[in-house]
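In structure tokens, one chain follows: the form predicted alone.
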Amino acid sequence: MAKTLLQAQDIHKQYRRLQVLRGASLTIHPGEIVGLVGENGSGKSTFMNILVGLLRQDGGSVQVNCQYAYCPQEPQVFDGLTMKENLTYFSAAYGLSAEEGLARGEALLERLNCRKFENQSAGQLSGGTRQKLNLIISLLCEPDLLFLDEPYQGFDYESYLIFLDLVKEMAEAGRSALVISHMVHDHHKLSRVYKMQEGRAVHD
């Protein structure tokens, strides 16, 4: 049996009288790119927050058996630092040397066509470029499993295609990703897609 990177079983979550999750389950193996879609308020971000440990579930279990990273919907960057300085900071946080972190980061800046902004402060960047920096930071440590919440929000179509290439390369290297979005345009480029329906992740 293939190694399981993520095993979430029968997850329940309630806010006051609102039952958001009603037994959501999800399994991810190495080399899989899994999509999770749903309307606003369907519970997909609540599910994500539970999977990455930011929120405690009311019932069920989550087991993550690998190194993972999280790319949140709202960019978690330091606005007073340049793109390059953000890369240096987060490289150190991941335990990477400055040289290794910058080499990986600058290669990704180049791939996503934003290296020309590397010396601009993050607070001066456009929304789409800030989101690119957010994505690049999450990729620095080359995690076995990457959780992505609306990762291409604000991207133009060319950048979206580059994003798909990056996750494809992850899968080819035996690494995996869970992509949460209100819409996935290219289902055939993902291993499988689930839809949040009535608090459960249903195979689309």
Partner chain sequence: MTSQPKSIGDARPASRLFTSLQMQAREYRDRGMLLLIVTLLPVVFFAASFYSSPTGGRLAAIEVPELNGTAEVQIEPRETWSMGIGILGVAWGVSTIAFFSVMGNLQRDRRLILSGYRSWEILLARLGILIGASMPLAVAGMIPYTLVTNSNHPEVVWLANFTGGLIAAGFGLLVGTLLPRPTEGMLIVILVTGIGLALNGDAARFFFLYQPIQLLISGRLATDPSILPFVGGSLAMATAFLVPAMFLWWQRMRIAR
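Keep in mind it's a predicted model, so treat the numbers as computed, not measured. Residue numbers count along the first chain shown, from 1.
Keep in mind that the form predicted in complex with its partner chain is missing from the display, and what follows is about it.
Note that among 22 to 30, 155 to 163, 49 to 57, 35 to 43, the stretch whose heavy atoms approach its partner chain to within 4.5 Å in the predicted complex is 49 to 57.
Contact between A107 and its partner chain in the predicted complex is not found at the 4.5 Å heavy atom cutoff. Among heavy atoms of T129, none comes within 4.5 Å of its partner chain in the predicted complex. Its partner chain is not shown here, but in the predicted complex it comes within 4.5 Å of a heavy atom of F90. In the predicted complex, E85 approaches its partner chain with a heavy atom inside 4.5 Å.
Residues in 144 to 178 all lack a heavy atom within 4.5 Å of its partner chain in the predicted complex.
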